[in-house]
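There is one chain below, alone, in structure tokens, taken in the form predicted alone.
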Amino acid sequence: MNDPIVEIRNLGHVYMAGTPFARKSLDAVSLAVAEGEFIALIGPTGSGKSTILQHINGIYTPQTGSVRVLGRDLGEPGTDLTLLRREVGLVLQNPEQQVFERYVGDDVSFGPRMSGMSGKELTGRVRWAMDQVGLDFKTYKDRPTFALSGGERRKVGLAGVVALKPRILLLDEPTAGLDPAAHEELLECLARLRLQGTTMIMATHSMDDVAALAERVVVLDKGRAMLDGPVREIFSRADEIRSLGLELPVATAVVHELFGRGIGIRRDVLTLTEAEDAILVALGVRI
């Protein structure tokens, strides 16, 4: 790995520390992320996925351990977190709740405007950000945000973060609750951003989204990092994944079920196309 742009060492975090309601969220988690990587954080609810993202964005500072992002020690007093958040964008679990301006164009432009951008440069940045998430500039720029569908509001929330052109994009359950069409459109948007070299860290319960987008998976349980490796390798460890109460991508689950029934078939598949090819090979059909 090249020098990491995110480096977490032995990070620990306790919610409501010092009270009868204290709950350990992270327990000595270590994680390094190279520029341009797309990493998925998976694990049961409460395993610490969102807490890691919020540390990388500087919402939380380390209670124990350390977090370095883009060369900045986030536990160091005086670290400029405002500047950090221009380079590290966080898309919340319900990004449509980040939409607060009356019109779409005003909402998407908010971050760049607060950074001092104006005039043609600002208009160009807004147009670019809306293009990235699949919102036509002319069609949507003057549309009231309250009149948008849920999927459109989510795109506007994402565009507002993308408009800052962050080097690192943090995504907390970005596709949760979307209808199939909006889900597919958002996956295409994230794939475009990935091709442009944006570093992404995504917390999700959708294993099919992980299979479609990520190159590396970190599996969390009870605040600890249990597994860390390439997507294909991690999902091939079906028994370990299931022992943590997690599902496999649909295609992966299918071939593991066939293998369990005595069919000699490769198990390191991620997509339905790969599963189809593996089944044909197992049946002796040339492809």
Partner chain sequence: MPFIDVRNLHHTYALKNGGTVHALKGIDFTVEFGEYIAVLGANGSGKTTLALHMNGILQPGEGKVTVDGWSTADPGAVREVRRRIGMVFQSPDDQLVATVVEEDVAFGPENLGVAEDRLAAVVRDALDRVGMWEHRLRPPDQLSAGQKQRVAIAGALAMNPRCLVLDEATSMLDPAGAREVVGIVEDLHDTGMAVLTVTHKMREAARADRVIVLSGGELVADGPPSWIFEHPDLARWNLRPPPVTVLATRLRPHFPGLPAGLADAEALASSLVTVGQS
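The structure presented is a predicted model; accordingly, all values stated were derived computationally and were not measured. Numbering follows the first chain given and starts at 1.
Absent from the display: the form predicted together with the partner chain. The rest refers to it.
- Shown without its partner, this chain lists Glu257, Glu240, Glu233, Asp228 as candidates; in the model of the complex, only Glu257 has a non-hydrogen atom within 4.5 angstroms of the partner chain.
- Scanning Pro180, Gly197, Gly71, Pro144 against the partner chain in the model of the complex with a 4.5 Å heavy atom cut-off leaves one residue, Pro180.
- The candidate spot formed by Ala253, Ala275 and Leu283 is fully in contact with the partner chain in the model of the complex: every one of the three has a heavy atom within 4.5 Å.
- Shown alone here, Leu270 lies farther than 4.5 Å from the partner chain in the model of the complex, counting heavy atoms only.
- Interface residue remark: Glu184 is counted as part of the site for the partner chain in the model of the complex, having a heavy atom within 4.5 Å.
- The closest heavy atom approach of Arg192 to the partner chain in the model of the complex falls outside 4.5 Å.
- Within this chain, Gly36 is remote from the site of the partner chain in the model of the complex, having no heavy atom within 4.5 Å.
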